[in-house]
Ligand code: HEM
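Below you'll find only one chain, the form predicted on its own, shown as structure tokens.
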Amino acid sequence: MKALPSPKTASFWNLIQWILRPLPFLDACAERCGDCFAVSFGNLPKLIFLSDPQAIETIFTTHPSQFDSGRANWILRSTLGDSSILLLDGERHQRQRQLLLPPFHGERMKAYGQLICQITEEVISQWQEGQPFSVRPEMQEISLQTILQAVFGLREGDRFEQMKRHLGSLLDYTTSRIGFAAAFFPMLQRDFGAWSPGGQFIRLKEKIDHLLYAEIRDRREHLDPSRTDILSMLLAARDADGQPMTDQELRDELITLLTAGHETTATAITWALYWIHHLPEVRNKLLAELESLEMPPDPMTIARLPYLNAVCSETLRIYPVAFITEIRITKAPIQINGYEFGTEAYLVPCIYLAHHREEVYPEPKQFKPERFLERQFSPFEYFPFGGSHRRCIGAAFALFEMKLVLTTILSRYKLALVDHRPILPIRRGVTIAPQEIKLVPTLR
């Protein structure tokens, strides 16, 4: 069997690089070590990164019982809780996945379409012509309102406003460098008072938990079968044994949907708006396609537009918001591309490196939506939402929201970048996001 290559740098320095500059670090490792390499990060388990499509295929098509993933997501436990689908394995994971999937597919998507467009219109109607604005906060406002209304059916009221405020503060903390670093350094997690990082986090989580449990309690006591929001559907859902979710399970799944569904979608839309206005040829082709729509456009028609889909796909390729999939921990020995891995090996299919393979994506650092019109990529070459039984359950919803928000914005405003300098990706918690982007709006 082949020896597994590894960078020669010190493990603690690897951890610092992973926290501060993950993409350049991965690029450097791949350049030195190739398709498969192992990296030590301080006292953490050694991670084995893989980007070759054959290796990805082996992992994604191996029976799920051969891997654990939930326990590798320990970094998310303090925020999401032990019952989050991202922290579960085996039968518990399968059960939760079956309960959570129905709200994100089929007829429900059509119902969400009008909601997404309406929220986007309300938010962007506040923009002032000729006045620059930071893109990310505006996209976060749209995505947060969308997720709150889709998940809870909340549009107004004290609980809605408190949830918005506290969730925003929680995400500001967990996506900051100190918030992410705190997961690796226990001293930063300790409660030294309300002004300490750990103390702020604990108090914020307590406030959000109070709101979540109050909403769950109220909805259980006044169950309305006519409501179509996700919480109502989850309250009514039953597993194969006829059992509902517990309050703890509901809380953990709700906070997972609220945090993961909010931050990632806002980031993807922000990236898309940057690329569209950074490259005039992309903007012109997309606007020509949007002009062919009948007004007001039908959300399902928007979702099928080929060039819009290509722009969204290329956005998620070049800088995938989640740049690695969920880690797979081997429960039995496995061979992958000539390497033998024993039990308890931490395998990391790397989305970013797989999406930047020259032989699959010529000129991978260039933004070229046309590549998604010219060929279809396999789920082992292109997998921005992960793969196999750990694929993001909200993938269809996120892509749908992305297309509708972009179409609504571009149909109402002409936008221009304040600064045409190249925008670089930076770490935001467990995701990758752009540096600050500012646009200037003009009404069409």
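Start at 1 with the first residue shown and count on from there. Just so it is clear, the structure is predicted and the values come from calculations on it, not from any experiment.
Omitted from view is the form predicted together with this ligand, to which the following refers.
- Residues Pro299, Pro306 and Val405 are none of them found to lie within 4.5 Å of this ligand in the predicted complex, as judged by heavy atom distances.
- Scanning Ala260, Ile116, Ile208, Leu353 against this ligand in the predicted complex with a 4.5 Å heavy atom cut-off leaves one residue, Ala260.
- Among Leu148, Leu99, Leu86, Leu212, the residue placing a heavy atom within 4.5 Å of this ligand in the predicted complex is Leu86.
- For this ligand in the predicted complex, the listed stretch (396 to 404, 46 to 54, 372 to 380, 415 to 423) containing residues with heavy atoms inside 4.5 Å is 396 to 404.
- Of the heavy atoms in Cys392, some are within 4.5 Å of this ligand in the predicted complex.
- Contact check for Phe37: every heavy atom lies farther than 4.5 Å from this ligand in the predicted complex.
- Taking the partner from elsewhere, Val311 is found to have every heavy atom lying beyond 4.5 Å of this ligand in the predicted complex.
- In the predicted complex, this ligand sits within 4.5 Å of a heavy atom belonging to Glu326.
- Taking this ligand as it sits in the predicted complex, the stretch 263 to 284 comes within 4.5 angstroms of it through a non-hydrogen atom at Thr264, Thr265, Ala268.
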